[in-house]
Ligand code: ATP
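Presented as structure tokens, the chain that follows is alone, the form predicted alone.
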Amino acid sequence: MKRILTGLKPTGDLTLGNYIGAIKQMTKMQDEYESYIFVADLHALTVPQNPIELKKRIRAFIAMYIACGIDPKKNTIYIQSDIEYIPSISWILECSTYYGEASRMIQFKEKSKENANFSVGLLTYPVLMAADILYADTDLVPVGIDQKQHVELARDIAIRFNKKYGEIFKVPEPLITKSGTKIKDLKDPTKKMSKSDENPAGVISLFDDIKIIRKKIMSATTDSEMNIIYDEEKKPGISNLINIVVSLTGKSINEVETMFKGKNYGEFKSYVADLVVEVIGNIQEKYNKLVNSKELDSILDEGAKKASALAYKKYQTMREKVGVVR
């Protein structure tokens, strides 16, 4: 069975869009591959963070993913900073990476323009990402098209290192994921629902109170007509709500249109709200039982133990090859 590895950066709140577009796809992949999933907390440090909030969010992300269906029995789940050898592996890889390669990364170019006083970590974190991938002899890295460049850098680093020191690393391949339906912002249905959006009114967080979720859906932007039909260009708001129903129920667009033929927007929104509240309510119930439990600590301890054993072995091999041993 091929091994896949996915990192989750604990920034912002997980949204209904994340659940439908990404997490549900991950629950399918866990049955097809040997899966490693980790919270990339060290990556979060490339920009300023509130330490108390970051600590809470790291644990919350893991608990929420498990509550959404990520099975600890099918995944090795851990926190990046618990694996003490990964930063050491990253440093050796940094010394095999060219400045030009790192500075060409699209995300570095974009974020360094936003703040002239960016940290060195913003430049080098793609190498840390390569360390995350390479230590575990990862076969496939599920990524969106915007992250493919980082996997390509990991490949280049691995190939260069192997050529110089021998076959140390498996060369990974990007697995361009077919994301689920892209859920749009409830207030501005021309843009996707984003966990980093400044206006929370259009974003359903998986952590939102149930009453707030219902209110957001009932206040969602629609149009002046009363026809519940799918037309992303002319009726983006209604089409977005239809997409939510389709994604959560498995019904087709035609089935949803037929169900609500002749009914008004209020009735349709009420149905969508009931559906979303039920799904997220069940997720939150599992999350609340897990987030502060010893069970979650056991899952993370077990994952860290397994990942650390792999990282230690890889680090010792690298040290020997580059000559940093007694």
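From 1 onward, residues are counted along the sequence shown. Just so you know, these numbers come straight off a predicted model, no measurement behind them. Rigid core: the largest C-alpha set superposing within 1.5 Å between the two forms.
Although not depicted, the form predicted together with the named molecule is the subject of the following passage.
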| query | finding |
| --- | --- |
| Residue 11, heavy atom within 4.5 angstroms of the named molecule in the predicted bound form | yes |
| is_contact(residue 74, the named molecule) in the predicted bound form, heavy atom dist at most 4.5 Å | no |
| Exercise: residue 133 in contact with the named molecule in the predicted bound form, heavy atom 4.5 Å | no |
| Proximity of residue 310 to the named molecule in the predicted bound form, heavy atoms at 4.5 Å | no |
| Region of this chain that lies against the named molecule in the predicted bound form, out of 225-233, 210-218, 188-196, 155-163 [heavy atom, 4.5 Å] | 188-196 |
| The named molecule: the contacting residue among 167, 84, 146, 173 in the predicted bound form [heavy atom, 4.5 Å] | 146 |
| Contact residue in the predicted bound form, chosen from 129, 206, 256, 183 - any heavy atom within 4.5 Å of the named molecule | 183 |
| Members of 23-62 lying within 4.5 angstroms of the named molecule, judged by heavy atom, in the predicted bound form | none |
| Residue shift check between the shown form and the other one, rigid core fit, residue 191 Cα at least 2 Å | yes |
| Flag for residue 141, CA shift 2 Å or larger between the shown form and the other one after aligning core | no |
| Core fit, then residue 75 C-alpha moves 2 Å or more between the shown form and the other one | no |
